[in-house]
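This document starts with one chain, in the form predicted on its own, laid out as structure tokens.
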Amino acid sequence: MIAHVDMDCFFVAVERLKDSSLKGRPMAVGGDPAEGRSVVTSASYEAREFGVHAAMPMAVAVRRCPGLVVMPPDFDLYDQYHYKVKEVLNAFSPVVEMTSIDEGYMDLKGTERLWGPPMEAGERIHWAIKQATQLDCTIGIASTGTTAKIASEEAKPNGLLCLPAGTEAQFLAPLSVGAIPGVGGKTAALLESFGLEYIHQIASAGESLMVSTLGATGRWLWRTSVGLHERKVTPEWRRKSISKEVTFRTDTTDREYLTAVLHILMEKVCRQLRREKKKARTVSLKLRYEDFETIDRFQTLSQPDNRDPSLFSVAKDLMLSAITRRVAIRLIGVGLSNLTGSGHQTELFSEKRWLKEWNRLQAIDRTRRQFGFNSLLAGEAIHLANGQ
């Protein structure tokens, strides 16, 4: 059995832990409504009643919900709660995959002697997450990951739905085709044009007809409709890359500012590398100009690393080589890939210098865990302290 765990209005819920006066009020986490590019990152259930949803332009959200409380995102704090949830899930199963900051899958196979049957295990997990974080979550449990995700969506908010093996098709039958993860508006409209509005209609159409009409997509839809589409739970340690990017409120040509932002991004991905006990061999850079031309650069190192200064130096060189036009830049991003373990090979003449730098980075990580990422600025990022 596979469990899908989804934190309820995760960003909103964490903000309400900081400020209890926000409870019960329609609110959204996202950018400043006055900024033309800001969007809703997360919306409370109270706000959703007004039609506010994630990815909606914040200006539109404020118009739909005049009393909307808008909070800027605090991703460092969200990361802290993400890892608390992850620790709980890892205590219940050795096979856990966090697919995003607020949801993940668990394979419960072989855990019955410890946690009981799936329903009991789900109750234990639900309680443990609440005790560790004071946050609500919804859990769906089924024989396949896809069905488990649909079950958790149907059980929201703060619910638990466990489907006994063999009941998947019966559960899925009355749901609309849009309930299938991956079926967006265009696909749903296409299916409806064929007279397929509900999942049971896809199941009744049969695999052969679905394949002949929609090819591989048809096979996937039919197998999902009868509860057979399997989604393997891949442990997070198999992750292939870590990246972060930012879209500027105002396009810029200021290289000092770009360098400072790049340093912040590199510090964040390196901190995540160290937290997961990994190193990276490949550094990549992404730039997007105001006319949406996107430039990608990468460099593979002779030795893997997870230290900010050395990896930032590589990323900075990539950035300077990528800026070849006198056009403002709207987005910058950095990525680390080719990940390996964090073991360190001792070098006779540089070990003392390496150890000193490592201890400094550990001290910085501890400070930021306690007081937040922005409590300390280092290196080139210090230019951001001027309020740019």
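Computed from a predicted model, the values in this text were never measured in an experiment. Residue indices: 1-based, along the sequence shown. Heads up, when I say rigid core I mean the largest set of C-alphas that superpose within 1.5 Å between the two forms.
Beyond the structure shown, there is the form predicted together with the DNA, which is absent from this document and is the topic of what follows.
A.B. asks: So which of 240, 277, 232, 113 gets a non-hydrogen atom within 4.5 Å of the DNA in the predicted complex?
C.D. replies: That would be 240.
A.B. asks: Considering the DNA in the predicted complex, which of 210, 203, 89, 183 comes within 4.5 Å of it through any heavy atom?
C.D. replies: The residue in contact is 183.
A.B. asks: With the partner left out of view, is residue 193 within 4.5 angstroms of the DNA in the predicted complex by any non-hydrogen atom?
C.D. replies: Looking in the predicted complex, residue contacts with the DNA do not include residue 193, since no heavy atom lies within 4.5 Å.
A.B. asks: Taking the shortest heavy atom distance, is residue 292 within 4.5 Å of the DNA in the predicted complex?
C.D. replies: Within the cut-off, so yes.
A.B. asks: Please check if residue 170 has a heavy atom lying within 4.5 Å of any heavy atom of the DNA in the predicted complex.
C.D. replies: Output for residue 170 is no: heavy atoms all beyond 4.5 Å of the DNA.
A.B. asks: Would residue 253 count as touching the DNA in the predicted complex under a 4.5 Å heavy atom rule?
C.D. replies: No.
A.B. asks: Please identify, from 117-125, 305-313, 81-89, 216-224, the stretch that has a heavy atom within 4.5 Å of the DNA in the predicted complex.
C.D. replies: Flagged stretch: 216-224.
A.B. asks: If we check the DNA in the predicted complex, which of the residues in 288-309 reach within 4.5 angstroms of it by a non-hydrogen atom?
C.D. replies: Counting only heavy atoms within 4.5 Å of the DNA in the predicted complex, the contacting residues of 288-309 are 288, 292, 295, 296, 297, 298, 299, 300.
A.B. asks: Superposed on the rigid core, does the Cα of residue 300 end up 2 angstroms or more away between this form and the one not shown?
C.D. replies: Shift of 2 Å or more: yes.
A.B. asks: Once everything's superposed on the core, is residue 319 shifted 2 Å or more at the Cα between this form and the one not shown?
C.D. replies: Yes, its C-alpha moves 2 Å or more.
A.B. asks: Once everything's superposed on the core, is residue 333 shifted 2 Å or more at the Cα between this form and the one not shown?
C.D. replies: Yes, its C-alpha moves 2 Å or more.
A.B. asks: Residue 184 and residue 292: do their C-alpha atoms lie closer or farther in the predicted complex than in the form you see, with a change of 3 Å or more?
C.D. replies: Closer together, which means the C-alphas of residue 184 and residue 292 are at least 3 Å nearer in the predicted complex.
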